[in-house]
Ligand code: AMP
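Listed next as structure tokens is one chain, alone, in the form predicted alone.
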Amino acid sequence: MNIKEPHPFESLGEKFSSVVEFQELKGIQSIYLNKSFIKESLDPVSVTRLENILRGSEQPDQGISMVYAGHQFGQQVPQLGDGRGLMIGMIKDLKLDLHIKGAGKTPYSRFGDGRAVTRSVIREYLVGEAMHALNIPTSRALMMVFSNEPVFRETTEKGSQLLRTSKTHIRFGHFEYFAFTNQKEELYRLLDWCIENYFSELSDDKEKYAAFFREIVQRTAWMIADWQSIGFCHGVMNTDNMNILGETFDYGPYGFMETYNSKHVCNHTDTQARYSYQNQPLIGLWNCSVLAKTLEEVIDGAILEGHLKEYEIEFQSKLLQNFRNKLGLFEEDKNDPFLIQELLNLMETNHLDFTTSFQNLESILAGDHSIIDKEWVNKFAARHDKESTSLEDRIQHCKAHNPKFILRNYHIQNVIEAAEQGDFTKLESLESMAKNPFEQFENLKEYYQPSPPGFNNLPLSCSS
């Protein structure tokens, strides 16, 4: 599969993006390849072409940085944009955007340097593979570039770049920008472009804009239901970090929940706990309502409100099904939500590990009733007695939906520290586990262990 240059979005013109020259890093040490993903998605000629671009020996045919707006921590920012990102094309057959993060300054950099650092690049690379393996829609990276170029954050760090893919880089903030700057013609052009490129089946629909909005609301609800059922916290759910296809992307200070705490905040910059684990579903709806506001002159208000009301229905339905799967249940029972909530309450009261607690359900089904709470276990067993599917199938169902491995920030930090010294063996190990979360690697047992005291549910900062 080969690449298409430049990206089709470029055809919309200068009001939508700026042509920017790619700025390679100085003192490149190595390029780390996502070998399995590359094998699935690119032909050898395209791989060589992309490596040459990252090394600076070739320039992309044309790179663009997009303009958009957004609500950051609830506050409207009239103009943002790709301050360090460059869209250089797409993988044609898969229709995946090719985007370089850390590509240098753009017209939207404001006071930024246009660079990314090693720790943030590695974190985004690993979580893309982890989420993909957990069947959660996500951006993924093809390559990482490591260099000696100094980049200053809290301290001086090493500059890195990430060549990532996504089905789209169109954000809620794109629509905010054109709506709030009263560029009505451009707003319609953006809507039509998105429908043509992502929802062509809606093109002949008389209510195509309303149907487009409904798709976004549904996909956002499903994505966040997936997050909640795996204990994933995004950390920065600003509207400019939400894409229209319900893909998780723009990972910053994310975290997979360790000890279950419904109020957990993975971003210590989020002092108001706006983006806590328990708030993520509500923020997803809030972000959709911001998007609805931008489309008020395009879509009837009653229709917008009706589709927003569908968010809660879609979210709850998907979340309940996800948790039924985790409990090894195939059939529906009206009391299932209570059984699930009781388990979550027990996990929170007893400070239990999120991933391990669900993994232990497999052992309970196999007859080990010493785990968790006896009263709840009895209810769990009684619920399973109502199932017509065989016990073996229910155990397998449980196994298939409860990972043995999740990325823990403590282990990721150890990988980053080794990589900064030029040692990528730990990165390779963690990558293998992220790609195979339902398997058990006997030679890597330390990565299945909870983080040491003081490093559990480790919060991180936004700086990257």
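Keep in mind the model is a prediction, meaning the values are calculated, not measured. One-based numbering along the sequence shown.
One more form of this protein, predicted together with this ligand, exists but is not displayed; see below.
This chain lacks the partner; the member of Q278, S363, Q76, S109 within 4.5 angstroms of this ligand in the predicted bound form by a non-hydrogen atom is S109. With the partner omitted from this view, the residue of D226, E247, D240, E314 that lies near this ligand in the predicted bound form is D240 [heavy atom within 4.5 Å]. Within this chain, D93 is remote from the site of this ligand in the predicted bound form, having no heavy atom within 4.5 Å.
Not displayed here, this ligand is approached by Q72 to within 4.5 Å at the level of heavy atoms in the predicted bound form.
Contact annotation for G83: at least one heavy atom lies within 4.5 Å of this ligand in the predicted bound form. Within 4.5 Å of some heavy atom of this ligand in the predicted bound form lies at least one heavy atom of D113. Considering this ligand in the predicted bound form, the lone stretch of 127 to 135, 83 to 91, 196 to 204, 178 to 186 in range is 83 to 91 [heavy atom distance within 4.5 Å].
Contacts of stretch 152 to 176 with this ligand in the predicted bound form, defined by any heavy atom lying within 4.5 Å, are made by R153 alone.
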